[in-house]
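Shown here is one chain on its own, the form predicted on its own, set out as structure tokens.
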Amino acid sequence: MENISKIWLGPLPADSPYVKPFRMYYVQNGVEKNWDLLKVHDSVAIVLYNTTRQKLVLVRQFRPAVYHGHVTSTENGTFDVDLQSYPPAIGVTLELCAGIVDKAKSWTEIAREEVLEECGYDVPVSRIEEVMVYRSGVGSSGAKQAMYYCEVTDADKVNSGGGVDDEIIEVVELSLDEVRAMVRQGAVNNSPPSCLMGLMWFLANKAPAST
């Protein structure tokens, strides 16, 4: 995952299938304003709990945007990145199993596919429970994300996961104590808010009372 030999930045191609930048103009209280926006895909995220092991199942992956955030925080404008000063590990995140909505399928079915592809568990959609729907990136994209909850067992495991095509995803199991440490006051994580919100929701609503 961290075997990255070269990193550089460039302009966004106009034909990007994932990100469309534009500027919106509007009049508010008689004053003309504008805001720069990104059109991105809506998405699903799944809080996955293995009841056999009593572990939360998350995924670890390299996120270029997170890496870029670290680099530009000190060297804004750098286009040829020094990998010694900024090792790829700073861009590796811990997240919920998730994926974009880019197929003509129900969101629950897309969530089921992500659980299979990323984490290796094959479960029917009937076992995937909707938790909440909210907006992410409200300052830049306003995209919609649906969070789901699914309990799995070792018997549901059909492959090692890791994603499809050229994805590099590591499946990570966390104990409840490790999850609590992630959301404790003062914690610092390379995780998105949706992941931390999902973990807090699990601890408040689904975690076994005996642990």
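Not measured: the values here are computed from a predicted model. Heads up: residue numbers just count along the shown sequence, starting at 1.
Note that the form predicted together with another copy of the chain isn't included here; everything after this is about it.
> Would you check, heavy atoms only and a 4.5 Å threshold, whether Thr93 touches another copy of the chain in the predicted complex?
Output for Thr93 is yes: heavy atoms within 4.5 Å of another copy of the chain.
> Answer with yes or no whether His68 is in contact with another copy of the chain in the predicted complex, where contact means some heavy atom within 4.5 Å.
Yes - in the predicted complex, heavy atoms of His68 and another copy of the chain come within 4.5 Å of each other.
> Does another copy of the chain get within 4.5 angstroms of any non-hydrogen atom of Val158 in the predicted complex?
Judged by the heavy-atom cut-off of 4.5 Å, Val158 is well away from another copy of the chain in the predicted complex.
> Going by a heavy atom distance of 4.5 Å, is Ile168 a contact of another copy of the chain in the predicted complex?
Yes - in the predicted complex, heavy atoms of Ile168 and another copy of the chain come within 4.5 Å of each other.
> Just one of 51-59, 37-45, 170-178, 148-156 has residues with a heavy atom within 4.5 Å of another copy of the chain in the predicted complex, so point it out.
Looking at the other structure, the answer is 37-45.
> From first to last in sequence, which residues of 128-145 have any non-hydrogen atom within 4.5 angstroms of another copy of the chain in the predicted complex?
Residues within 4.5 Å: Met132, Val133, Tyr134, Arg135, Ser136, Gly137, Val138, Gly139, Ser140, Ser141, Gly142.
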